[in-house]
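Only one chain is shown below, in structure tokens, and it's the form predicted on its own.
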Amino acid sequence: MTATAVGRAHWLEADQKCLPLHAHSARLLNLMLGSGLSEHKLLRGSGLFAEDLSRPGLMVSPQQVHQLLRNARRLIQDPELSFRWGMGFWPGYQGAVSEALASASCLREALQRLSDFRYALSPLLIPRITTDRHYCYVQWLDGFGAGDEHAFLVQAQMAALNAFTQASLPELTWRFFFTEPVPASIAAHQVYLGEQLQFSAGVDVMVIERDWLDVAWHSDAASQRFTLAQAAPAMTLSEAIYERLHRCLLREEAELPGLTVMAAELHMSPATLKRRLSRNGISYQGLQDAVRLHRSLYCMHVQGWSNEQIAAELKSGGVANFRRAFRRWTGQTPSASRAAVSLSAPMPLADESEWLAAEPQTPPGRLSQ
């Protein structure tokens, strides 16, 4: 790993007011207000007040949005709330960014623009977009430590992408894999996402056949010509620290570097890195575990490797250690995972697939062919 691979002068932080209230948060508040709840209850603990809702250009932090989500889940016992919230995300009302997404002529263009403007279009979960010879994957990573709200956010983002793509090409059918266990009732998932659902998969990812990437969309918007330069100023030059570290660790072919080595690459002390990760609801060990889990799932469900082979790949210190670690990561044994997860499509792994998302500092462009 080189310093240039991870160096970054500025990170988006969970307590930083970097998200426009009028976008996703306002839609959630409108849904809650439509249920007859008072603004005081909706905003409790968020640091926001009723008069803030009418202030143009107000920015909020990921932590504040997480609190709004906690309030929503506590006050509104509706299993469809997350899906109804996500259904209205895109193209949205964010000026040139929304126009860029709406004018995509195919799935390839839409996913590239989702990547280019991901902190505007998906402010709390980071879409990691990869492809291999047969499939395209959109994996949802938690950038700011959502905690108990993570599953709610995943449901919303999956509903958003599913609704947006089906509006342009109804024949397009995603398959959905969730880290969450099978819910008591999966009716809401089925209504908004369809029947292709897999739970306790160890990863939150949507899978589609690669052939769909360049099929022309039936949308009128697809015929509009849009210059990406119009939306380029909205591209952020900052990113969540989780996204950058996750990407770098996933690309490591050797043993994952420890905290001290990573801190040196970031030009900060180990104590500073630990503090910044903690402030964003992240631990370095947790991040390493996520990367190891993604590698394990790929080797297990796609490569068909044995526990012995995976343990050697991860340098986990033997099969028994791998089994214990896998159970800690997923809540189930490797054999139970093999029995529960049916994957005819590979799961994402950087060294076995192409990275479709452009680096944040590069101008918008098309996805890799």
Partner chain sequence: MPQLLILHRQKILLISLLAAALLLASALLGEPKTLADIDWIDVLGEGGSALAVGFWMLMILGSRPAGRVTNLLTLGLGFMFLAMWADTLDEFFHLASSQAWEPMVESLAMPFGIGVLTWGLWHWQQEQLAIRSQLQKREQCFRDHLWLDGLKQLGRVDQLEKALAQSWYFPDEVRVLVMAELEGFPHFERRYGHEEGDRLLRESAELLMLNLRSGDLLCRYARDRLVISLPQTTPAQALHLVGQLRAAVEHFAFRDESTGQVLKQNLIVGVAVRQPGDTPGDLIQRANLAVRMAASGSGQSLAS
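Positions refer to the first chain, counted from 1. This is a predicted model, so every value here is computed, not measured.
Just so it is clear, the following notes concern the form predicted in complex with the partner chain, a form of the same protein that is not shown.
Figure note: of the listed segments 324-332, 27-35, 301-309, 50-58, the one touching the partner chain in the model of the complex, with heavy atoms no more than 4.5 Å away, is 27-35. Residue contact check for D211: none of its heavy atoms lie within 4.5 Å of the partner chain in the model of the complex.
Taking the partner from elsewhere, T272 is found to have every heavy atom lying beyond 4.5 Å of the partner chain in the model of the complex. A163 belongs to the set of residues with a heavy atom inside 4.5 Å of the partner chain in the model of the complex.
With a 4.5 Å cutoff on heavy atoms, Y242 does not count as touching the partner chain in the model of the complex; it lies far away. The single contact residue among A187, V182, A216, V261, judged by any heavy atom lying within 4.5 Å of the partner chain in the model of the complex, is A187. Exactly one listed residue, out of D132, D78, D289, E99, brings a non-hydrogen atom to within 4.5 Å of the partner chain in the model of the complex: D78. Shown here without the partner chain, the chain has no residue in 286-307 lying with a heavy atom within 4.5 Å of that partner in the model of the complex.
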